[in-house]
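Form predicted alone, single chain, as structure tokens, below.
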Amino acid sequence: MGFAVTETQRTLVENVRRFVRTEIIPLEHELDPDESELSAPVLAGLVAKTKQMGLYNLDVPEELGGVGADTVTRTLLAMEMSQHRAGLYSPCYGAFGQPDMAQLYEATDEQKERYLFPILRGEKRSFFALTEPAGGSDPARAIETRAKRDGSDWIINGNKTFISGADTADFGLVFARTGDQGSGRDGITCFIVDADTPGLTVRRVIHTLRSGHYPTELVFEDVRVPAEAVLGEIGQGFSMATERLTKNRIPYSAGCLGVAMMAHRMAVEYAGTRSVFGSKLAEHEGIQWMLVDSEIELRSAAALTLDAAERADSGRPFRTEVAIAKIVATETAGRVVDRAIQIHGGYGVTKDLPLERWYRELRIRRIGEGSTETQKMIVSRDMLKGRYTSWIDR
């Protein structure tokens, strides 16, 4: 474990940090505390600036017109982009590009023209429909949505739940079982489904701790799609889904640490200025220990997250490292923000500060993208099946 941040990466971090502090945070002073979107003209102005910075579509390969940032660089920048009120789920409000649906990189040329390139240009929105009511932590066996052939078409029937953005999307990637129920991972296929396809409806919006965007529940009733809607190979959709989820947990973890870092910085500053019982909060040993605990945990979590990113870039197996990073980052961020609220006292739970929003949203992060318990199962499975090596030998 261990690497050095390059001068190029350091410069990029400084540029993004400056952008967040001078362009994003001032805007939020005029927004509702739970807002997650900007008006189209304001967002367009921000996008123009990130394009001028050469940082628009960071995750997109260069051959597709993006920056092609490596995973370590993307992780460092994710920590910076999330350091504002809406930053956990709407980092910089999409000014650096919307989620790019990396699965579409392997799409046919026709699919790229119709779906991928409009996404990259910011003209379309998408959703990712994997989770079902039967279970989200074990999708390989829980998927009951079925797709059956009807001539050259496919007919999809089933339900999806906790699907973000489906109520405002133009299309989505829908995972359905095309093999027998007992076929597990090898019986799932990915389909590109337009949001206005007859039979696809948003049954309801699911209200959660998040105040900006809510997930949705989808119903598929005899949804007919053509053979051209299949993305990738028939029966190989689950591997496509897990590849996205595994690697995406790295910037996901980094975003959690970003808001926790800002909360910690706020706590340190407040403790140094707030007087109580005739002295500054920072002079009280109990407060000092809280701040030290947060500092230690943040450094440890950041190191583990960057270690996972470095392994992903090196081409080595990184599933275990990502699972560990996701556990530690999400759990740490929740504790750090909780301490920051405690140090701020009554002000910490008001909407005058972003702490209460981060507190609510971070609770979801311990479940989203694979719960803490699921990640522990991944780590234990690798350890007990002989795939474990001490970190010092890696």
Partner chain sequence: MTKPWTALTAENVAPVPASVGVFEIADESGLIAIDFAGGNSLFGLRGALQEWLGTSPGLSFRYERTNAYLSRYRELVQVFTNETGAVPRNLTGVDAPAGRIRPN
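Numbering follows the first chain given and starts at 1. Computed from a predicted structure; not experimentally measured.
Another form exists, predicted together with the partner chain; not displayed. Remarks below refer to it.
Among the residues 212, 232, 94, 187, the one placing a heavy atom within 4.5 Å of the partner chain in the model of the complex is 212. The single contact residue among 66, 368, 334, 33, judged by any heavy atom lying within 4.5 Å of the partner chain in the model of the complex, is 33. When the partner chain is considered in the model of the complex, residue 70 lies well away from it, no heavy atom lying within 4.5 Å. The closest non-hydrogen atom of residue 37 lies within 4.5 Å of the partner chain in the model of the complex. Not displayed here, the partner chain is kept clear of residue 280 by more than 4.5 Å at the level of heavy atoms in the model of the complex. The partner chain in the model of the complex is not approached by residue 300, whose heavy atoms all lie more than 4.5 angstroms from it.
Shown here without its partner, the chain carries 168, 207 and 221, all of which come within 4.5 Å of the partner chain in the model of the complex through at least one heavy atom. Residues with any non-hydrogen atom within 4.5 angstroms of the partner chain in the model of the complex fall in just one of 338-346, 323-331, 37-45, 55-63: 37-45.
Heavy atoms closer than or equal to 4.5 Å to the partner chain in the model of the complex belong, across 337-354, to one residue only: 351.
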